[in-house]
Structures are given as C-alpha cells and as structure tokens.
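To begin, one chain is listed below as structure tokens, in the form predicted on its own.
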C-alpha cells in the first residue's frame, strides 16, 4: 500500500510540475521543451516501478524498470551484438537500398506518364501486403542472415518513400516550371534546381516514416529465421523462456535505436529544408 500511495503522490506532483512548466516562459526555450517530457518519462517509470512492487505483479507478467535496467547493464555485449545484426546490417542496409531505389523510381515515374499510371497502382497493392506473409518468403529466398531482413525492409520502406517523392516532384507550381522552360532549362536542370528542392519536405516525410518501418521490418523478419543473434531472435527466444525482463530490455534498445534514427533524419531535414515554413520557429 505504501508503494501505491507513493506512486499517487509522485504522479500528482509530476503532473502539477509539468503544468506549471508548460505555462512558464521556460516552456518556450529548448531546455524547457526537453525538460517537460523528461519529467513526464521519469514519473511514468517511477509509477510503473511502484505499482509493480505495490501489487506484487509477477515478473513474467510485467517486470519493474529496475529489473530491466539490470538486464541492460549485465548484457551490454549481447545487446550490442543484436544491435549490429538487426539495426546496422538489416535495417540500415534495407533502408538505404529501399529509399534510394524509391527516389530513383519516382524520378522515372515523373518523367514517364505511362509509369505513373501503371506502376503506382501496383505499388499500392504491394504496400498493402501483410509483412507476416512476405517475411517468410523473403527469408527462404535470401537465407537466414541479415540479407533477407534487408530485403523485407526494402519492401516496407520502398512505397512510402516512392509515393511521397512523386507527390513532392509535382509540388513546384506551373509558373515556376514555365519560368524554367522560358530559360530553356533541360529536364535535368529543372529537376536539380527546382523540382527536387521543392520536393525535399515531401521526401523527408517519407524518409522519417521509413525509419520506424525499417526497424519494425527487420525485427519481424527475424521471427521467421535468423542466426543466433538479432533483436527479433532475442525477443522470440526470451519470450519462450518467460524472461520478460530480457524482452523488455531488448525492446528498450530497439526503441532507443529507432528514436535516435528518426532524430538523425529529422536533424538532416532541418538542415536541408531550413527555408521551409515548417522549420521556422
């Protein structure tokens, strides 16, 4: 009961503190924008710990954050090995291939109305296919190592980036295109100096969506076959052993990696599209 009372007090205190910070001048600063979610996250972790201990929740149902942190500290080399296998090889490799191919295909579609009418509907159909159906097929085609996981990631990220890039290439208005034609600009010059810069906000929207899809695809693909390492492999095997603290520790590593990847792409977007209204302020 003491833990539950403490959890209620911390929750109320954290809520009140965040409300006060949100209404203060500090909220408009960069430090304030980071402080509010940091406090909220710390309160969530403490309440989680207190509720699990106060209600004596079994570890096989929901382990406390301290047990998860302990597994993280004890198994750093193991998690690093899984991170290399799943994220650095499978997710990043597939992300680079899929996004590059999508942007090049979008340029070809923009150049050819035939491809726009024929390829995009097929792309929408393939994008709707369930990943749990595609993953085992690609694992059988490309083997159990990271190459098959990269292939799954390519399928997952290709069409979101393709659709966003095609929409972005059409974003330049007719007056701007007519002006480029008046200056006798070739298609390549118009593409590099007008169309692609105007499409960058759309392209980065697709790239940011693809960051989360890439990691999800690589992890899910490992459920259908992998060498004895990788985030998906670790999650599936530890669930079988009822080691939920290890499962949550692996989920934490995946969440941190995915958030850092998204943040990196967002930072690049801010540097590239500094001129866009969405990046002001």
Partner chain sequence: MKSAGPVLTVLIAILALWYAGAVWMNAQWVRDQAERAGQTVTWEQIVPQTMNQSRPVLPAPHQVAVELWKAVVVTPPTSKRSLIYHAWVTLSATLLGFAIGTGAGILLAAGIVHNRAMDMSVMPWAIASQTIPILAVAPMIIVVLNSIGITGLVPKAIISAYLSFFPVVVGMVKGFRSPDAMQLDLLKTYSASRMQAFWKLRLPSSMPYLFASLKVGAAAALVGTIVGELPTGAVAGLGARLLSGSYYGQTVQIWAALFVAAALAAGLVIVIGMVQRVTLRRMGMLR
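Residue numbers count along the first chain shown, from 1. Note that the structure is predicted; figures quoted are calculated from it, not measured. Between two forms, the rigid core is defined as the largest C-alpha subset superposing within 1.5 Å.
There is also a form predicted together with the partner chain; it is not shown, and the following applies to it.
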{"item": "The single option of 76, 88, 132, 108 touching the partner chain in the model of the complex, heavy atom within 4.5 Å", "value": "132"}
{"item": "One stretch from 94 to 102, 77 to 85, 196 to 204, 140 to 148 that, in the model of the complex, holds residues within 4.5 Å of the partner chain by heavy atom", "value": "140 to 148"}
{"item": "Full three-residue contact with the partner chain in the model of the complex, heavy atom 4.5 Å, for 3, 52 and 69", "value": "no"}
{"item": "Contact of residue 264 with the partner chain in the model of the complex (heavy atom, 4.5 Å)", "value": "no"}
{"item": "4.5 angstroms heavy atom contact with the partner chain in the model of the complex for residue 46", "value": "no"}
{"item": "4.5 Å heavy atom contact, residue 41 to the partner chain in the model of the complex", "value": "yes"}
{"item": "Interface membership of residue 37, the partner chain in the model of the complex, 4.5 Å heavy atom rule", "value": "yes"}
{"item": "Within 4.5 Å of the partner chain in the model of the complex: residues from 230 to 258 (heavy atom criterion)", "value": "235, 239, 242, 244, 247, 248, 251, 254, 255, 258"}
{"item": "Rigid core superposed: residue 77 CA moves 2 Å or more between the shown form and the other one", "value": "no"}
{"item": "Residue 20 C-alpha relocation of at least 2 Å between the shown form and the other one, rigid core basis", "value": "yes"}
